[in-house]
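A single chain, nothing else alongside it, follows as structure tokens in the form predicted on its own.
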């Protein structure tokens, strides 16, 4: 891969171009071999990356998927919100699979903590939306939004509190208990929260660094390259996404740099990840959604069920204006087109190219290839129709597809 793939420089970001679930984890896992540091910048346990290695499935929620490679430093950034029991569970799961994490894990002190009561507030707010507007935003109810709300209100507890006496944390939670009941009807189980906090404190406190940006600066000064793992995707960005049906963090390349405290000029490459079709979880506009047989076919062939929630994803066709928009926002250098093999059985593949004056999607219908692309690792070995499909995307977005996924496995990837 080093011979055929262009230099990525010292700092590379991998960013989703659609509504998440594009398969970012696989390319991160593939690229991680060539980097010294794997860093996650933002989001929480509502973002799941699934990796299949040697037939074994690994699901990541807080840890970056690239950490499967031994010897790589793993960094969780300040833009994240972390549910500590989930992080402990994930660490234990990897340790059980023979993957040691703690000896190479660093945690930013300014990352915020997601408590159990944040999940309860999340559920209450979603029910209120459904009652007032007839639909919710499709939250995973993992407490992400309420944790970011407290962050914005400057009242949240951060990982730096893992260095405190647990009694100080208990007092903080007791102080906000009455307000939480009044505003949301949610009761904070302070004893339970403190018990979980103390359990996490024993294991994680030694891994909370004093200054995250300085840590990354030191890596760069030693010419240790950094691979940044984005969470969710561009169209879910709180500022640039399809508001209000978005997540609560900044999911673009700029947001990733902010979450890690990296200067913009340090980013040397940025890879945009997009499915060969499109999916979305939760509510909100989806211009090319297919609610008929084809959408169901894509869902079943692609295994389109949430890795964190198990929810069925809405499925449909590629929408090129979305890809062009994401490329503008992030400054992508190239594409990673994933799950090309899911389209193997389609006779005709519609691609959304724009909208008419009435807001209807304009489609270009491309011929399918009706033969398996599963596991192909050389572009020239693809069926001519599959090559044409990729070339059509490249021409329409003015970006090369340097990586093309042809299956779930780590090695089922074309590198152009």
Ligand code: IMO
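Residue numbers count along the first chain shown, from 1. Since this is a predicted model, take the numbers as computed values, not measurements.
Although not depicted, the form predicted in complex with 6-O-phosphoryl inosine monophosphate (IMO) is the subject of the following passage.
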query	finding
Heavy atom of residue 236 within 4.5 Å of 6-O-phosphoryl inosine monophosphate (IMO) in the predicted bound form	yes
Residue 137 within 4.5 Å of 6-O-phosphoryl inosine monophosphate (IMO) in the predicted bound form, heavy atoms	yes
4.5 angstroms heavy atom contact with 6-O-phosphoryl inosine monophosphate (IMO) in the predicted bound form for residue 318	no
Contact label in the predicted bound form: residue 252 to 6-O-phosphoryl inosine monophosphate (IMO), heavy atom within 4.5 Å	no
Options 214 to 222, 104 to 112, 70 to 78, 241 to 249; stretch whose heavy atom lies within 4.5 Å of 6-O-phosphoryl inosine monophosphate (IMO) in the predicted bound form	241 to 249
Partner-contacting position among 278, 256, 271, 144 - heavy atom within 4.5 Å of 6-O-phosphoryl inosine monophosphate (IMO) in the predicted bound form	144
Proximity to 6-O-phosphoryl inosine monophosphate (IMO) in the predicted bound form, single hit among 158, 311, 324, 177 (heavy atom within 4.5 Å)	311
